[in-house]
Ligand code: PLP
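Below sits a lone chain in structure tokens, taken as the form predicted alone.
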């Protein structure tokens, strides 16, 4: 029999836990009739806004069901560039915008564009669960760099510098951060930028949570001196407009050559986002900041309620997020195994959470909750977590 490619088999190495075991167990329990509160995924509990859905429906009714533009239709790219110029702090050229099937496709495109086989990419912990897998899928080698909860997960520039080798080609940066909700400071981003310039590295900046900043302000590293020409910006409408299933994202490329290469990749894979989805994206962005603000305020309220409810526990240490739609909870001082805690929590209370190990070693001993449950269910879940933690014993 022919053998499968080592490249494809190495995306998730043998023995590596992809972190979704608790969720799969929770879904199985729900199918058995158990009442489950699922706080594992960043998938909204409310639908995409009516106007966006209607724009998609109108496009379908008028027969916009052919091939989509691989680059992205001009009116959509124009809207993305206008929004990006306001958000990222520099004038975005619409010709450098390539529409993608969600932020994940944009991430994969950056890895394919920046890395040759066995090239290294630095990934800062804690990280979105697919980062290392995406780099391996492109033939690269992920090099993870730890951070400390005690320093609010701000990366240390000296630690980053020590990880750079002759094979390093890019740094992957995620601010606002999933899972921690931390927003990198200007000092942190300036330090990362200086390393990229000094060592001639690409920077991939995942900024999909920029619309959900509650404390402080978002700063795109591409706006720093010398960084525009070496930074890829990943963005999407999944979180900002409750469009996770639409696969509606884009990549802002550093130059025309990079944009052309990304389009070549999409030519051989997705062949463009469906035109009815692109027209829905255009309608969403034409609505201005209103929809984004409404969703962000919903999550700001939920964050405050969750943090307040969890604070009742005498044991839990909660990292109040500055952004995004998650809360990290530190269990290290009373629980040695967060995954074991998560499974026990699920079995006893029906609340499903993500073990922190899913996001790198820096969040071992933590659990992450997603704020994607109706307010009353979220408060109920946080009350159950607090009560369970206060009586937890590993003996």
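Numbering follows the first chain given and starts at 1. Remember, predicted model here, so these are calculated numbers, not experimental data.
Heads up, the form predicted in complex with pyridoxal-5'-phosphate isn't pictured, but that's what we're talking about next.
From the list 287-295, 206-214, 271-279, 111-119, the contact stretch for pyridoxal-5'-phosphate in the predicted complex under a 4.5 Å heavy atom rule is 206-214. For the chain shown alone, residue 230 is not a contact residue for pyridoxal-5'-phosphate in the predicted complex, no non-hydrogen atom being within 4.5 angstroms. In the predicted complex, residue 236 approaches pyridoxal-5'-phosphate with a heavy atom inside 4.5 Å. Within 4.5 Å of some heavy atom of pyridoxal-5'-phosphate in the predicted complex lies at least one heavy atom of residue 104. Using a 4.5 angstroms threshold between heavy atoms, residue 128 counts as touching pyridoxal-5'-phosphate in the predicted complex. The contact with pyridoxal-5'-phosphate in the predicted complex, taken as any heavy atom within 4.5 Å, belongs to 247 out of 247, 152, 305, 136. Note on contacts: among 188, 147, 220, 178, the single residue with a heavy atom within 4.5 Å of pyridoxal-5'-phosphate in the predicted complex is 178.
Of the residues in 320-353, only 326 comes within 4.5 Å of pyridoxal-5'-phosphate in the predicted complex through at least one heavy atom.
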